[in-house]
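As structure tokens, one chain now follows by itself in the form predicted on its own.
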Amino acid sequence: MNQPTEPKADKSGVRRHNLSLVLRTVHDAGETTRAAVAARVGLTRPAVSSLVEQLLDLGFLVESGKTFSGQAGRPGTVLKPAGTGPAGLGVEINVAYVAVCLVDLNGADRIRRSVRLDNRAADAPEVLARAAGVAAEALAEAAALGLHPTGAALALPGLVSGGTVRQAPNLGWHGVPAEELFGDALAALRPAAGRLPVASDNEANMAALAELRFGTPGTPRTFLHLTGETGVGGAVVVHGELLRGAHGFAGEIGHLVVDAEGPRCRCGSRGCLEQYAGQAALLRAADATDVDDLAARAEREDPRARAALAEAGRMLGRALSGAVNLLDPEAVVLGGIYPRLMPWLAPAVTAELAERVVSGLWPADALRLRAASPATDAARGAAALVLHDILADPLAHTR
């Protein structure tokens, strides 16, 4: 029996797809011409010109001078993504702060706000209302810049699925409908603006997206990403896509047990990685007040600070070697607090990887362990998630 075929796209559906194709091509190039886009996407020049004109009219693209190829013929008009109009808003909620980032279609970080807050001292609705307040301030600033975010994305520290935080041990959250609560609070602060669509994901996934899309050129397409904050978050990127697992919870390396007889973790288990390599555990072991104090003590060769960092590095290497053996990534990227502490963490991590990874591809001099790129934090990754949706279907994000 023949299987039913999917319905063919109608004329408007094909055009919608091609608008996205052209916009993504210009976005990826940064600056290009109609002729270069046509050559890249395989459409005729008249077809590309028609699509470009529509994207110009809708405010997704702008023209910027002329370019000369050195060959005969008229110079081409340079196209690039607009610096005003549609944009993405990312909001990171962590244990000790709320961060907001607004990114335009060029991928430029246009607005950034960070507010120190003890989010463990408040219940979930209050924390999400605080975050909505910070976001509302950023949206007011965006309007003055001619930017109008088409959606917001939340980066949250825990198991996130279907808009709900299933479990966030370091915040004490269980079954919190974060998207709904945040969306309600933001709409109440901006009654005339209409409700902004809200998405959400784990903060480590968002940070990995930021590394993938905004990281240093040459960032591999398959890597493990760890974020060190109060706890330890992890994400897995395979061929440029997040590996989410059956329920969206893949990457929870912070709760991988590295010592079955170790200290009790907030998740209920014992000896989890974050009990050795999370920020709280590191500061406690080193008797340091904050990460800068810890780094300063390590620079002065304080024995307690050096010992705490060496132990954290060993436990990180132990956990990572198992993940590397299982997943075979090209690199491991350490973000959050770890780049600041890399001089003292990296030797122990690389030694463990060199000893335990069975492929033989991770010797100490392989340079597969690297610090995250500057400004590739979870808030920016969340904004990039909204940006991705705009590029995928620009017509769905017109005003």
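Computed from a prediction, not measured in an experiment: that's the story for all the values here. Heads up: residue numbers just count along the shown sequence, starting at 1.
The same protein also has a form predicted together with another copy of the chain, omitted here; what follows describes it.
- This chain lacks the partner; the member of 31, 53, 355, 63 within 4.5 angstroms of another copy of the chain in the predicted bound form by a non-hydrogen atom is 355.
- A heavy atom within 4.5 Å of another copy of the chain in the predicted bound form is found for one listed residue only; from 123, 180, 287, 328, this is 328.
- Per the 4.5 Å heavy atom criterion, another copy of the chain in the predicted bound form is contacted by stretch 262 to 270, the sole one of 298 to 306, 81 to 89, 262 to 270, 114 to 122.
- The closest heavy atom approach of residue 249 to another copy of the chain in the predicted bound form falls within 4.5 Å.
- Another copy of the chain in the predicted bound form comes within 4.5 Å of a heavy atom belonging to residue 359.
- Interface residue remark: residue 187 is not counted as part of the site for another copy of the chain in the predicted bound form, having no heavy atom within 4.5 Å.
- Another copy of the chain in the predicted bound form is not approached by residue 131, whose heavy atoms all lie more than 4.5 angstroms from it.
- In sequence order, 318, 321, 322, 323, 325 are the residues of 298 to 325 having a heavy atom within 4.5 Å of another copy of the chain in the predicted bound form; the partner itself is omitted from this view.
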